[in-house]
Every structure is written in structure tokens, then in C-alpha cells.
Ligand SMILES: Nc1ncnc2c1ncn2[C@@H]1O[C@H](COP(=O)(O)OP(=O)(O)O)[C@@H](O)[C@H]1O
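Shown next as C-alpha cells: one chain only, the form predicted alone.
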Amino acid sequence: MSDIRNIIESELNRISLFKSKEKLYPEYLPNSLPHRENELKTLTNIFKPMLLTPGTISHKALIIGGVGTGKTATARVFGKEFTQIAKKKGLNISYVHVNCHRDRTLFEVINEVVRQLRLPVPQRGLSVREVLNYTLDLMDSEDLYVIVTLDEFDYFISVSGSDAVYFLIRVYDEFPDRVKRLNYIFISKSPTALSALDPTTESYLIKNLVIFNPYKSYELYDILKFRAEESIFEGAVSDDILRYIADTVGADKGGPGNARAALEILLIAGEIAEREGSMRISLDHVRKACSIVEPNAVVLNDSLPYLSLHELLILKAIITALTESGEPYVSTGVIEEVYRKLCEDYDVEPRKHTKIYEYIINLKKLGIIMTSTYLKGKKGRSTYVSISLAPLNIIRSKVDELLKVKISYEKDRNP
């Protein structure tokens, strides 16, 4: 038992490169949202009348954006700060965030709102309409206004349907003279979810539309830099590593533009570095993390067997150049030099420059490599190549196996 205790204690006493790991978790709410300033301004302008003329109308915003584009974090930060500002102005405004992936029915949503507001509404024996009316009466008595965010709104639409959405957003139609205390933010991944609604309800929702576009690589770099400074000790991760992750995930570089994925790669890369006894995150740690975070690493198994001999040689040249340089990117000029040397080693006639470039473009289209035409610190414009799908040694072994088969096949065809 003492050996087990020693193992556990040694791990507990290991020095960590993280000073606050939780600040890389998806549920963490940062005090700054780089590159979502305009979206915050838009939400503020939509709900500003709540502070100027409270209760005159029910305000609604619809947020549309893919996974990891900052929709939830922005809504939560907005709700937190907006209610604080309202309080200073003497207004009683609460913010409620409901996840419709969990609470998908009208009854579940309204009861979750009641629970978060801590209102003494009976939980049994009342219909949905009765619960809502009871809630509105209590809000009147407490002079309370509420912004309700329905996150993952797609699920609510698919389960509860158009009538339930209509009931929520047009609740004051029956009471035109009543103070409008309920306000909404709806968050959806795609506008196609709205097609399940009737045209009137859909047009009502899209009046105040806030689009969250996928993050570009430079935006992701700023986000990673900010979070790294909060969560990782200085010197444990370089700017080059952060840029590499940002380029891997950035929408302008062919990635999904998902900040959540970028932060997860950084987190897992740090954990891998710690397990390997390193106090600094390396490119190989990031590549290992990418293969875990990005299930599309199966691209290797799906695509590599179908590459031509020279595409495999180009890929091996890229791997060799990246390994030897230790840099996240290598230029096509270096790749071409290594490729020609490999052709000599394999006794294969090399292809010309234009054909080599075609092979590189094809590897990019297949998602095996990524390219950039500009790197910080490099003068002029050139094409630089990198690989993020998996650790280089794993890809190299697969490529070597396939090259043996291809070379043998070529020799049999041309004895």
C-alpha cells in the first residue's frame, strides 16, 4: 500500500505548468471577450429600452452561430453586466439562462425560469399557462423584469414545436395593457432550425438578429493569448505555439473557427506535457492534442492509401522538413529540396515545380496539411506548410508503410 501512496503523493506534489487550469474549461466565464465587442454592442442596443422605458414592450434577440463562436459566453457576460448596471439605476432586472438541450419542453423551460428566479410558484397541479400567469403576477408584485436566454433553442423547436414558441414570445398579446416584464434571447446554431416554425413566428424572431461568425486565426490567437495568460505560467507556452493552434482551428485557414476546440487543444497539450515531465508545451504535444480533440484525424486512414506515389513523397518531405526544423511551418522551397532528395533515395524520377505545387494543394484539399501565405517574422509572401492532424512520427510510419507498397508496385509494373 505504501507504493500506491507514494505514486499518488508524487503525482499530487508534481509541479504544474497550469496556474489556473479551470480558466481553459468551456464553462469558465472570462472577464473579457476578444472579438465579440460588436456583438455585445448589438445586444446592448436591443435591450437598452429596458433601462429607458421599462415594461413598454417585450424585447427579443436571436443569436445565430456555430459551435464555439462565443454565443453562450457573450449572452452570459451581457446578462451579468446588464443586470448590474440596471441595479445601479434602481431597476430590478434578473438574468436567467436555460439550456434547452436539457429543458426541451415548454413546461420544463417555464419551471426552470421559476426555479432560477426563486419565485414561490406551486410546482404541481397547475397547467403551463397557470404557472406562467402566476409567475407574471409575482413579477408584478416584486417589480421584477427578466431577460430569459433559451440556449440550444434548436432543441426546444424540434421537441416543443411552433405553438410553444408562439406561446412564449406572444404571451402579452392576451394582456396588451400589462407591464411587459419578460424579455428573451434565443440562441441557435443555424437559421435552418427556424424553418420548422410558422412564417409569422419566424419573421417575429428574426427582427433582432445577431450573427456570430466562426473565428479567424488572428482572432483565435488573441483569445488563446488572453486565456493562456490567465491559466498557464509564463514561459510554459510560446506565442508560436498559440499561433499554430489558432492556424489549425481558424476559419480562414480551413478550420472550423471553434474557440472551444482551440482552448481544448491548449488544455490537453498542457496535460500531455505534464504527463511527459515537461514544463513547456511543444509542437508535438499540440499535435497529440489535435489528434484527440479533432476526430477528423481519421482522415489519415481514409485518405493516405489513395495518395499517389509522388503525393506520398511530398507528404514525407513535409514531415521530414517539419521534424528537422522544429518549426510549426516550413516553406514550399524547403519541401521541394527534401522531396528531390527523397526521390534520389527511392530511385524515382522527381516531378517538376508546378506539379509539386499541385500535389501540395491537393493534400490541403484532403485536409491532411494546412498552408499559410504569411508568417510573422518572415519577409515577403510565400507558401508555408504545416501538419496538425497527428504527431509527425505517427504519420511518418503510415507514409513509410504505404511508400514500400507503392515503390514495389511501380517496380513490378516497370521492371
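Note that residue numbering begins at 1 and tracks the sequence as displayed. Owing to the predicted nature of the structure, the values given are computational and were not obtained by experimental measurement.
Heads up, the form predicted together with this ligand isn't pictured, but that's what we're talking about next.
Check your understanding: So, in the predicted complex, is His285 in contact with this ligand at a 4.5 angstroms heavy atom limit?
Key -> Outside the cut-off, so no.
Point to revise | Contact test in the predicted complex: Ala73 vs this ligand, heavy atoms, 4.5 Å | key: Ala73 belongs to the contact set for this ligand.
Point to revise | is_contact(Gly66, this ligand) in the predicted complex, heavy atom dist at most 4.5 Å | key: Answer yes; at least one heavy atom of Gly66 falls within 4.5 Å of this ligand in the predicted complex.
**Study point:** Touches this ligand in the predicted complex: Pro49 (any heavy atom, 4.5 Å)
**Key:** Contact with this ligand, no.
**Study point:** Heavy atom within 4.5 Å of this ligand in the predicted complex - the one residue of Ala321, Leu263, Cys290, Ile93 that qualifies
**Key:** Result of the distance check: Leu263.
**Study point:** Residue (of Pro350, Gly367, Pro54, Pro34) lying close to this ligand in the predicted complex, criterion heavy atoms within 4.5 Å
**Key:** Among Pro350, Gly367, Pro54, Pro34, a heavy atom within 4.5 Å of this ligand in the predicted complex occurs only for Pro34.
Review point. Taking the partner as it appears in the predicted complex, which of 233 to 241, 168 to 176, 219 to 227, 276 to 284 has residues with heavy atoms within 4.5 Å of this ligand?
Key: Checking each option against the 4.5 Å cut-off leaves 219 to 227.
Review point. Looking in the predicted complex, is this ligand within 4.5 angstroms of a heavy atom from every one of Pro30, Tyr215 and Ala259?
Key: Result yes, every residue of the spot touches this ligand.
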